[in-house]
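This document opens with one chain alone, in structure tokens, the form predicted on its own.
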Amino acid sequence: MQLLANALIAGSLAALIAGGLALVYGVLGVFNMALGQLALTGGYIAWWLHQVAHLSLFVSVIGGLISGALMTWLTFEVFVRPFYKHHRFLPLVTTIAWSMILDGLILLVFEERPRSILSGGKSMIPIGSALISKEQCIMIILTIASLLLFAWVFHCTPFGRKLRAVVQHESAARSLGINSAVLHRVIFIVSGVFAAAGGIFIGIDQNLSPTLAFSLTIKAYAAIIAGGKGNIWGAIICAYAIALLEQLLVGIHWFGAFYVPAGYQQTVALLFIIGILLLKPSGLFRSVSRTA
């Protein structure tokens, strides 16, 4: 039961980041390799506002989300927009460079020490045989609520219909008066807000560390590839599946003889990518495109 609770917590974090990233790939067809660093930026800003500036947790979280949106907007304007029109793989190079710059800046400004947004112990709630903190319950509920809200916007609003039109056929959407350039910018920023929310999730649940950026990015891309590139809901489902596999890997007494060291937990996402590419390269939930 505890393994399932831990998987739900880790999966909610991964789903936030992978969902936003899958949306960007589905609309723009580009990968943002600075995603993990953008997530940490939101988390560290929230930590600074709460622990150093002594603002309330609510204000600090909002500040972290706004900082994530602003940094993502900067990423799009400087490292993505000038390049993706020429070739969709160019932003792969430019965002890798930006991620390395952000790694250095985060290390310089916030140092390598672990940072936690909440100080002190957490109150635990027993659910069956599992223990989960009140903060974790709130974050899981907020994550699911955010995903449901996004689903409503995506499927039931005029903005969502415009977005789906751009995804299906950008040229035809532009001929109908839809400003695809504005939608590209908005979607990219929304992905940054999701990433910042993930960073704040980490800062509240665990500790922030500059070394987390790479693993966050890899898990998000593993979920996207497994779910079918551009399939938002497939990426979210696979994010929860990867989190469950990670918990099972290190939480089970294998063959009654040994436990897998926790350091190997990060390899699950990589093995998951390789396995899916071998068995079904198009992804588990790849949508079939209409040809006529």
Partner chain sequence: MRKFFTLSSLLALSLTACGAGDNGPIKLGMISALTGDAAAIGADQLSGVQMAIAEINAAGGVNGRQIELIAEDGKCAGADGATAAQKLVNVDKVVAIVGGLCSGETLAAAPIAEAAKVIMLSPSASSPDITKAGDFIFRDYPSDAGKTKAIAKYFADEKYSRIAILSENTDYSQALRASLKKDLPEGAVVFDENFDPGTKDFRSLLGRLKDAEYDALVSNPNSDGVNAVIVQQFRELELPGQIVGTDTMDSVVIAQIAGEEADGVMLVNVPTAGEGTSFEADFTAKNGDPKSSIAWAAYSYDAVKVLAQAFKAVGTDGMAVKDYLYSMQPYTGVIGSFHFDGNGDPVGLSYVLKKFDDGKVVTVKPLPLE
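Worth saying up front: this structure is predicted, and the values here are computed from it rather than measured. For the two forms, the rigid core is made up of the largest set of C-alpha atoms that agree within 1.5 Å on superposition. Numbering follows the first chain given and starts at 1.
Keep in mind the form predicted in complex with the partner chain is missing from the figure; the text below concerns it.
With the partner left out here, the partner chain still marks one of 263-271, 55-63, 26-34, 231-239 in the predicted bound form; by a 4.5 Å heavy atom cut-off that stretch is 263-271. For the candidate spot formed by 77, 140 and 186, no residue has a non-hydrogen atom within 4.5 angstroms of the partner chain in the predicted bound form. Using a 4.5 angstroms limit between non-hydrogen atoms, residue 136 touches the partner chain in the predicted bound form.
By the criterion of a heavy atom within 4.5 Å, residue 70 is excluded from the residues contacting the partner chain in the predicted bound form. Proximity of residue 113 to the partner chain in the predicted bound form falls within the 4.5 Å heavy atom cutoff. Interface residue remark: residue 157 is not counted as part of the site for the partner chain in the predicted bound form, having no heavy atom within 4.5 Å. Along 240-254, residues 247, 250, 251 each place a heavy atom within 4.5 Å of the partner chain in the predicted bound form. After superposition on the rigid core, the Cα atom of residue 21 is displaced by less than 2 Å between the shown form and the other one. Core-superposed comparison between the shown form and the other one: the CA of residue 51 stays below a 2 Å shift. Once you line up the core between the shown form and the other one, the Cα of residue 10 stays within less than 2 Å of where it was.
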